[in-house]
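Okay, so here's just one chain, in structure tokens, the form predicted alone.
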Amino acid sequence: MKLILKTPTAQYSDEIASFREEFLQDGSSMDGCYNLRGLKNPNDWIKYCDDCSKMETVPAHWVVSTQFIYVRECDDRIVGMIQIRHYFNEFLEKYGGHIGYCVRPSERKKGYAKQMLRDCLPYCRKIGLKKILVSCIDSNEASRKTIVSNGGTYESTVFYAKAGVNLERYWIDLI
């Protein structure tokens, strides 16, 4: 089954809306999706993603980032989303890392997260990253396995007080 990383475009507006709604109904965390939870209109979210991809338009509180949707080619369905942050701000350096991702609740346990993370590593190299930091909540066994299966080496666990969670930090060497 072929899956493709794509930049979000208006062509996927309905799929983005459906993806968002499924997460809201499931009560799941939408990591690696910017503020998709708060933006009802998919086209507003697409514009926000575009703004965040350029130094001259990235919001002051954020960093230049690339947002991808992960599309299953046979039915054009978004099965996941992944965001690559090109550098750190204070929050990302301590908690968030270079990459955030999520898989649609109805598409979990199919290996998509592992494949999506693996598929974005060449892009990380292309933008000049030598190693990447990926973090996950310490109770998220699936995310831990995804990171480790892609070469992640555990560094430390930090407490993120705002969310009341322990985050495990893993580094993936890209060289």
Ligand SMILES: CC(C)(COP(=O)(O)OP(=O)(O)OC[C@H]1O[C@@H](n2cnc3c(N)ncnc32)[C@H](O)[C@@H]1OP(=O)(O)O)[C@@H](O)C(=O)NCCC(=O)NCCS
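Please read all numbers here as calculations on a predicted model, not as lab measurements. Residue numbers here begin at 1 and follow the sequence given.
Keep in mind that the form predicted in complex with this ligand is missing from the display, and what follows is about it.
In the predicted bound form, at least one heavy atom of Val103 sits within 4.5 Å of a heavy atom of this ligand. Using a 4.5 Å cutoff between non-hydrogen atoms, Asn43 does not count as a contact of this ligand in the predicted bound form. The closest non-hydrogen atom of Gln67 lies beyond 4.5 Å of this ligand in the predicted bound form. Residue contact check for Ser29: one or more of its heavy atoms lie within 4.5 Å of this ligand in the predicted bound form. Contact check for Glu90, Lys94 and Lys162: none of the three has a heavy atom within 4.5 Å of this ligand in the predicted bound form. This chain is displayed without this ligand, yet in the predicted bound form the stretch 108-116 from 108-116, 51-59, 34-42, 125-133 comes within 4.5 Å of it by heavy atoms.
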